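Below you will find one chain, with nothing else, as structure tokens; this is the form predicted on its own, and questions on how it binds or moves follow later.
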């Protein structure tokens, strides 16, 4: 019984982690069709902002949930105004530009913070379940992921701003004819996607040692999760994250964490071979 509880918590944590890692990319790539290869570096910056703010005496939860998303969102806003807005509709050019930005951010982070591993301790202590130890911070990550998914659903489906953003991504000419500026909506959407990436990096920072190249550990999982999810933004994110998170943890507990990572990648390849348009192209049609 105790082992079942531990496995369930770890599966929920794995799913929640994939949701957090992929949410910012889901907005930028899923809505705007921008291949942002600097997504991992936005997460890395969120982690460094959190560590810096905590070092200056800011409450860790304020640093993670408010300061890091805001700062990274503003950095994303500058990137969109200076680079991305000139490349909409040019996938290869955008990919090359964001790859260059990722190298720039890694270089700047190395200059500012050095190439040594840094981090912060988890603010929530662990506890025991029978003979097993569970990290209490995992529950915080699960809660943040659930709140984030609900917020995305509410904003995109039930608010005027979300409806305008969705409509603009599909038909910018119609949005312009109705008096809305596609340029400003693209800018706001990229800001939100960048802020979500910063939030993910900030929330995960207490669990990992942070170095300037940490973003590379997230980018593959994020793209796999978003692409495998298919055209529906939130439904696709939840479905693919749930599938890959469960597969990862089953093989992790059964064999080893290395096999868990390999199983995740293999399951992604099989899924995309069977459903090349993603899960929500076949199932959950019409869902947000």
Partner chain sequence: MQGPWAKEGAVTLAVAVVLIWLAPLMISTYTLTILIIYGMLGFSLGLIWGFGGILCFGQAAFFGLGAYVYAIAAINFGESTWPMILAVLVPAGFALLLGAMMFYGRLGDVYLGVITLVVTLILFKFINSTAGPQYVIGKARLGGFNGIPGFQTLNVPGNPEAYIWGDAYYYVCAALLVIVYLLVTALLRSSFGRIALGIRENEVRMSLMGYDIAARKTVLFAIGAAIAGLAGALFANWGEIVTPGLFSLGQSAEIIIWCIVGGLGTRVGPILGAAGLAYLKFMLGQQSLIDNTLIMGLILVLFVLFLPKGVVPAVASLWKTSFGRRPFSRVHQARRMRNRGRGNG
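Residue numbers count along the first chain shown, from 1. This one's a predicted model, so the numbers in the text were calculated from it and none came from an experiment.
Keep in mind that the form predicted together with the partner chain is not shown, yet the notes after this line are about it.
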| property | result |
| --- | --- |
| Exercise: residue 127 in contact with the partner chain in the predicted complex, heavy atom 4.5 Å | no |
| In the predicted complex, residue 177 touching the partner chain (heavy atom, 4.5 Å) | no |
| Partner contact for residue 158 in the predicted complex: the partner chain, 4.5 angstroms, heavy atom | no |
| Residue 70 within 4.5 Å of the partner chain in the predicted complex, heavy atoms | no |
| The unique member of 74, 207, 147, 96 whose heavy atoms fall within 4.5 Å of the partner chain in the predicted complex | 96 |
| Segment assignment from 148 to 156, 188 to 196, 135 to 143, 109 to 117: heavy atom within 4.5 Å of the partner chain in the predicted complex | 109 to 117 |
| Members of 48 to 75 lying within 4.5 angstroms of the partner chain, judged by heavy atom, in the predicted complex | none |
